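One chain is shown next in structure tokens, namely the form predicted alone.
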Amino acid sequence: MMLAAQQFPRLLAGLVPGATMSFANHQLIHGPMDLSRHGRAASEHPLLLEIERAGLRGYGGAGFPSATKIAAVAAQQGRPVVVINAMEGESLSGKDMLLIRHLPHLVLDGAIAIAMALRSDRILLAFDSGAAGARRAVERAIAERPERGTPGFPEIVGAPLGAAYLTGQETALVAALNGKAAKPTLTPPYPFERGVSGRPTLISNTETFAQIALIVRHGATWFRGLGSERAPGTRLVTVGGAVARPRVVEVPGGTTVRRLLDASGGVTESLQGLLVGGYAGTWLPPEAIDLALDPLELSEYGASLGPGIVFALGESACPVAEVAAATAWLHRESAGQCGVCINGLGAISAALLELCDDGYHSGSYGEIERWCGLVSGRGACALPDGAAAFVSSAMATFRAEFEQHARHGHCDACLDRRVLPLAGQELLAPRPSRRLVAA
């Protein structure tokens, strides 16, 4: 049965856990796309206006207006490249892998629609080469597309890349796709000006393209039929931590944190705090559970939903140890090409690890918040800004725990397994030791 106007879920309609949806089943649920209005100039294409009317913003983290981003590429000279960014270096997120492994045709539909509007001849789907099953799902989905090889239809290529936190950053992703090290580069030029192979390049997240696929079929009014005025439509959120069923859920925009956690089976223990937006996000107190996932409400708390992440920290975990381990990982994942990451994040990380050892030993604890202010806005990418927000909001939310660690050193929970997932890292915490911390 084709997706109805008010049917919910939208993006996850027809999802079968463990299975990749075939093109035939995808068509049965969503119906065909009408791309007959391709004749317009790219900058005047009706799809751009419909995306603007829908109020669609990118779902990769920055929340930039999608129509503005697409129009910037359309205004350039030369035939553009369209890149589907499914790298998902953010360890707390699972939506990109869910979409390309289980619902790849919805993502490809959106990318194809945009590529046709921009008169692009090439679509690259960048994904983590180490993700189990991703390559097989991508290759099968591309092979199933009946339009392949027809005149005027863009070539679709899977682009497996080495995973890293920064690989999904736009300029680092362009560098990797160009065969270079996946490190951020200075801008300008921006990718929309000169990206893959020196061509204008549109880079968007998997969910952004999936939402475009629905807008192509049903229009802006339909899209805004769910959600709120400031957060129209639905979105995917990865819920983790102290909940009964950690998973990716689809919710209407403006849903409260409480309803989101209830959709994941409810909390399993009392909460100490909520991490909203992932490792570049913001820690909030448990009282924020009734906060709506609305851009304005979140901004009043200095937060944003980012790539769609809410992590519930239970009372059994040590927030100081969790923040220290995650900050050390962010430091290791940085490109190592700017002083703010090499020295600034390095100093912040060492000071946090010290709290989980002997406490306020070197005197650096009192400098952490000042250092967070110094690293923000000074790197070639936004990693130090995100890390600083992550640390400073944690120190505000868990002030009592940080002060206690400063006075007394590690607590019993510091020795337990870490609950915040860190890609490629062992989650068992080492026993506190100045030798281990220094290493």
Ligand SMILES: Cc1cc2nc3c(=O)[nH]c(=O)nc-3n(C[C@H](O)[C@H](O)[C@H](O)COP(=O)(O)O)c2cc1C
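Being a predicted model, the structure only gives us computed values, none of them experimental. Each residue number is its position in the shown sequence, starting from 1.
Below, we refer to the form predicted in complex with the ligand, which is not included among the displayed structures.
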For the ligand in the model of the complex, the stretch among 400 to 408, 52 to 60, 366 to 374, 26 to 34 with residues bearing a heavy atom within 4.5 Å is 52 to 60
Only one of 264, 120, 327, 85 gets a heavy atom within 4.5 Å of the ligand in the model of the complex. Which one?
85
In the model of the complex, which of the listed residues (272, 255, 234, 208) lies with a heavy atom within 4.5 Å of the ligand?
208
Please check if residue 165 has a heavy atom lying within 4.5 Å of any heavy atom of the ligand in the model of the complex.
yes
Heavy atom to heavy atom, is residue 201 within 4.5 Å of the ligand in the model of the complex?
no
I'd like to know whether residue 344 contacts the ligand in the model of the complex, with contact meaning heavy atoms within 4.5 angstroms.
no
Quick check on residue 89: any heavy atom within 4.5 Å of the ligand in the model of the complex?
yes
Given a 4.5 Å distance limit between heavy atoms, list every residue of 367 to 394 close to the ligand in the model of the complex, or none if there are none.
382, 383
